[in-house]
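For reference, the chain that follows is the form predicted alone, supplied as structure tokens.
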């Protein structure tokens, strides 16, 4: 019997393992190899109000503004207030964040931030945080299993652990921390394993999901023609003076506007480049960007880079509160797979890492207390049973999602996506994508990252989060 079973080996899961009480028995179940997920790919930084011009209240106000009217404001203020403590904790664990010449933390300004707020390590902040967390967790009683989770142990309406194809792992607390869904769109900045497997598992168990229509498309991925993973060109480049130009060489948007604003503006141009050549010490300060671009035949030190949007962050997911509780007792969610309401209709830069650390730690701390009930709708689970392994996402999903449920949406294309997805084998992934397309079709407005060409304005009738409840696989 474990105190805590964690599905997913990224930042949220590692923070939960480290926050659990000394002596707690913990197992991490991860379908991929260590460091194969999206956490190490995070570039720009972790948002926290640690600068002299900043405050948790200003951080919260920026977050709420970026969220376009549907953030859970209590969750926002709660998590933003934790920012300075999170940075201090990560430094205690050995995170070597960049510093300015006077010794203070060097802060980058990214989209949606009124002041510089992103604490970073060069342009590989996620990699540095993961390194420190992995080193710290080595001294804990944490077992690691390399296998996909296939279902939850469900007894009397409560989650009591996880199944894999070969074994079961009973636990007092089960945390889903499996990351996002970007790979379902094909053209993504995420790792190729980001296919929403944890969200699918939770959905099949009957867990409430939320905000499925909101996928954030990062405006500046390297446009190298790849149909799958693309290199992220961090927003911090624009914070340091990189500029966007259309095919006529003209600037056409405020480069530090919220991401959905920049994405829409880029898609209205015939072609766009990001000019980083004026950034001093580009190679030293952004080694990840420079090395990645050069590996694909581009040199940002001397030449503007072709850019276009790519699926980047899934705002939707498993409905959870700021402590990770879901609609099923004993089952928790943290990180990108969770929809806490922190991000509303659009995530502000740097907030995903902050949220992952805060919620992950809170779930770990609960391992000493046992499970508790969340604030969402509760419903009975099926009797404990083995489930067949989740099959890999059908490769036909990605072109449908990109073409018809992409950055700019409209009714005909969304209904075409629903029709095409309905013809595919009925797996958990196709079911989730159908729910995403239906949620997008039902939101008859443009709000945050959900942009409808046929409904270009916000509508106060839709100024609320969307919650859905999946039943089909739970009966």
Ligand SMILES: Cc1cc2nc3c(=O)[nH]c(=O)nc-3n(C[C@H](O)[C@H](O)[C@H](O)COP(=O)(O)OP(=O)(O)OC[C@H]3O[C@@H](n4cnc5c(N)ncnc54)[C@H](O)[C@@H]3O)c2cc1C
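Keep in mind that what you see is a predicted model, and the values were worked out from it rather than measured. Residue numbers count along the first chain shown, from 1.
From this point on, the text means the form predicted together with this ligand, which you will not see here.
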Check all three, 41, 197 and 312, heavy atom within 4.5 Å of this ligand in the predicted bound form: yes
Closest heavy atom of residue 334 to this ligand in the predicted bound form, within 4.5 Å or not? yes
Any of the heavy atoms of residue 11 lying within 4.5 Å of this ligand in the predicted bound form? yes
Would residue 450 show up as a contact with this ligand in the predicted bound form if we use heavy atoms at 4.5 Å? no
Residue 31 versus this ligand, in the predicted bound form: is there a non-hydrogen atom within 4.5 Å? yes
Could you tell me which one of 107, 215, 353, 222 places a heavy atom within 4.5 Å of this ligand in the predicted bound form? 353
Which residue among 189, 208, 263, 340 has a heavy atom within 4.5 angstroms of this ligand in the predicted bound form? 189
For this ligand in the predicted bound form, the stretch among 240-248, 293-301, 90-98, 177-185 with residues bearing a heavy atom within 4.5 Å is 177-185
Of the residues spanning 144-162, the ones with some heavy atom within 4.5 Å of this ligand in the predicted bound form are 147, 148, 149
